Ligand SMILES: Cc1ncc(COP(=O)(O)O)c(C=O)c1O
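For reference, the chain that follows is the form predicted on its own, supplied as structure tokens.
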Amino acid sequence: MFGHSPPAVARALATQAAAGLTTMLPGELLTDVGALLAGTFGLPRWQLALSASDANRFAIRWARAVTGRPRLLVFDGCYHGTVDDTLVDLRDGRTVTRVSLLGQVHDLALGTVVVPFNDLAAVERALASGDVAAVLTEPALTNCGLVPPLPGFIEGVQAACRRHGSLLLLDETHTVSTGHGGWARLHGVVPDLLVVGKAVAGGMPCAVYGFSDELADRMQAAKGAAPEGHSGIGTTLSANLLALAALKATLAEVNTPAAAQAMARGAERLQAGLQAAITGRRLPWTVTRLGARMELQFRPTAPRDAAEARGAMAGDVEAALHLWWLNRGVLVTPFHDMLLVPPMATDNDLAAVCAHFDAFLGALI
């Protein structure tokens, strides 16, 4: 998101590597990192993990511990890494374990319920059972195709959680590119738990999860009431010295409001250029954008849920476009037609992407 080797992160890693890679004790950078995380994302308490998968896994365990409830609610088409509880699909109105999983033994539907994204009524019905510990969601679906939330949807989910005693856990691993502080900070939503991975430490294996003071007290009480032994939360390498150094450098020098503004300006230009090419060729397609992230979708408007997003995919066209761009010096993530604009992208870079796209459409039709 900020480039493949941000200079500030590279310097911090080199300096820290000369002084120590990891220890079994907290590093001195923890207080600085905690203050930077609180200032960036707006929650006061933080824990570290090695990946967003781990952070989500730990946050789910905490949610079940403090609420005493067994079930998790996720949305059809969700992606939260390799967390077992989230590897489920909605099929004919039922929650089912994904058939693609390798080595799966347990029925994941026993602990998870799936409902469609942007469907508040379905959320209400699921939470009314009184056994859902938390709703885990991205602010916008990103892995099944970009599906933005309808106005007020995430706020409605949070209100439903409060009415029914469930926690709201937002996974901003992908949507942190919405702007400085992520989607939730920009929209004034303060979740009970917040997970950020991938770019938060400039590409080093690191993720974080934050939570409120009130929830921290409940977590402390749950831990204190449990028997001695491993909690299933945390690993030896969580908060290692290299991760802390990269995290501090990224938050202080790389993931800045100025960088976010540059990304937003570039993304607006890129979206406008791509959409102009589509309109000029009279194609019923759209470019759906969320901050610095956008996706070409083969439908006239942004999808409302995962089913609509899947129905708009055209794998052969996507593969051809990736190859077309690659052969002209433009490398994009080989995943749908998703583009993410970094702060160092120039007007010439963006113009080249759009020009090659327009030429592709001319050759295609």
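Just so we're clear, the structure is a prediction, and the values are computed from it rather than from any experiment. The numbering used is simple: start at 1 and walk along the sequence shown.
Note that the form predicted together with the named molecule isn't included here; everything after this is about it.
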Exactly one stretch in 77 to 85, 118 to 126, 249 to 257, 226 to 234 has heavy atoms within 4.5 Å of the named molecule in the predicted complex; which is it?
-> 77 to 85
Any chance S53, D171 and H174 all have a heavy atom within 4.5 Å of the named molecule in the predicted complex?
-> yes
Within a 4.5 Å heavy atom cut-off, is E138 in contact with the named molecule in the predicted complex?
-> yes
Can you check whether N143 is within 4.5 Å of the named molecule in the predicted complex, heavy atom basis?
-> yes
Does K198 reach the named molecule in the predicted complex, with heavy atoms at most 4.5 Å apart?
-> yes
Can you name the residues of 279 to 300 that have a heavy atom within 4.5 Å of the named molecule in the predicted complex?
-> none
